[in-house]
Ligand SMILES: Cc1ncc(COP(=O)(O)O)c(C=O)c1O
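Below you will find one chain, with nothing else, as structure tokens; this is the form predicted alone, and questions on how it binds or moves follow later.
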């Protein structure tokens, strides 16, 4: 037997053995036999046995410009040799330069940043900011939304799989979300008149004092299963929120940086200007980096809330990586590029849908496409089994994809934003073969 193969196999087994022994047992791992990854290059990754995979999940929409991108890694290397850490007590060049760059692409008058290390922190910062600015307490979020792992993040989350008992904080309410494929009102778009948006006002009237601090929503719900609202939904929501004195928070942790195509941020498709946007994941291409952005006026409200500090906020190395990400995005992965690749991907997915009785819905925007798998298209009964089978079959074909949704039956497809036409076609061919394997 080839000893090199034997050694790499042993390496995989050893990693999984240590995973089971030394890490919490509630780590969610894809596949019946988890897949240890060893290295990445561009939009490909290799496992510890040397098998190559086309990465169409991008580390949960995080490796926005691909793996081992030199414009990013060189900046990380250069900064790490000068200064790795300073905290927010000391200004540093990478920190302020990234804030300046993001102000150039952020929508409307949003131009002031507060950097943290995770999307959970970014959303919590947004909640604190909204409460400080308005003097109100209540936050309206959406069902099927996901906002992180902290107490506020889990309270904002309306997705039972990701909430822990006893962690709820007060003042967070949940309205019906615009889930057209499984409309909670049993109506059909567009004849429904986007009635789900009216529930925001009902929730405010019935569960708050009549004034709110903010409404927080993802332009496309990520963990919820890439649920994509009708184009007019957020315009209606914005009008309601303003009527009750609230700020509009757009959670762009997954939809930011051109992911939805043609615009830098997902909310821009709705034609409204948010008051606060949060971002993480793709901003750092894998480095721990997040940001809460708002207007200069609203940012002044932080002075009323007292002093604040973030030990890892504005980390020089993470911010240097963010500058490298922006360099690549502006050079070769602009929102227009994402729009073009997204159209190619969407057409191919809809072709697969025509010949599959288990692919009930194709939805999303740009390079953020969701496939809802069902037992059959007539009943629309969720099929997590089909999703698991497809995940395994795609892995065998050398394609990595994700899954999500309340029922675990939605396939999430989100490659690096730098992806090209040949790679999209290759992924579609692999996915078509995988669908045939699950019938």
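Residue numbers count along the first chain shown, from 1. Note that the structure is a prediction, hence the values are computed from the model and not measured.
Below, we turn to the form predicted together with this ligand, even though it does not appear here.
Q: State yes or no: in the predicted bound form, is some non-hydrogen atom of residue 120 no more than 4.5 angstroms from a non-hydrogen atom of this ligand?
A: Because a heavy atom of residue 120 falls inside 4.5 Å of this ligand in the predicted bound form, the answer is yes.
Q: Just checking whether residue 253 would be counted as a contact of this ligand in the predicted bound form - the rule being heavy atoms within 4.5 angstroms.
A: Because a heavy atom of residue 253 falls inside 4.5 Å of this ligand in the predicted bound form, the answer is yes.
Q: So in the predicted bound form, does residue 218 come within 4.5 Å of this ligand, heavy atom to heavy atom?
A: Heavy-atom contact with this ligand at 4.5 Å: present for residue 218.
Q: Whether residue 322 contacts this ligand in the predicted bound form should be assessed with a 4.5 Å heavy atom distance threshold; does it?
A: Heavy-atom contact with this ligand at 4.5 Å: absent for residue 322.
Q: Where, among 140-148, 261-269, 167-175, 312-320, do residues come within 4.5 Å of this ligand in the predicted bound form by heavy atom distance?
A: That would be 140-148.
Q: So this ligand isn't shown here. In the predicted bound form, which residue out of 329, 126, 197, 223 has a non-hydrogen atom within 4.5 Å of it?
A: By the 4.5 Å heavy-atom cutoff, the listed residue in contact is 223.
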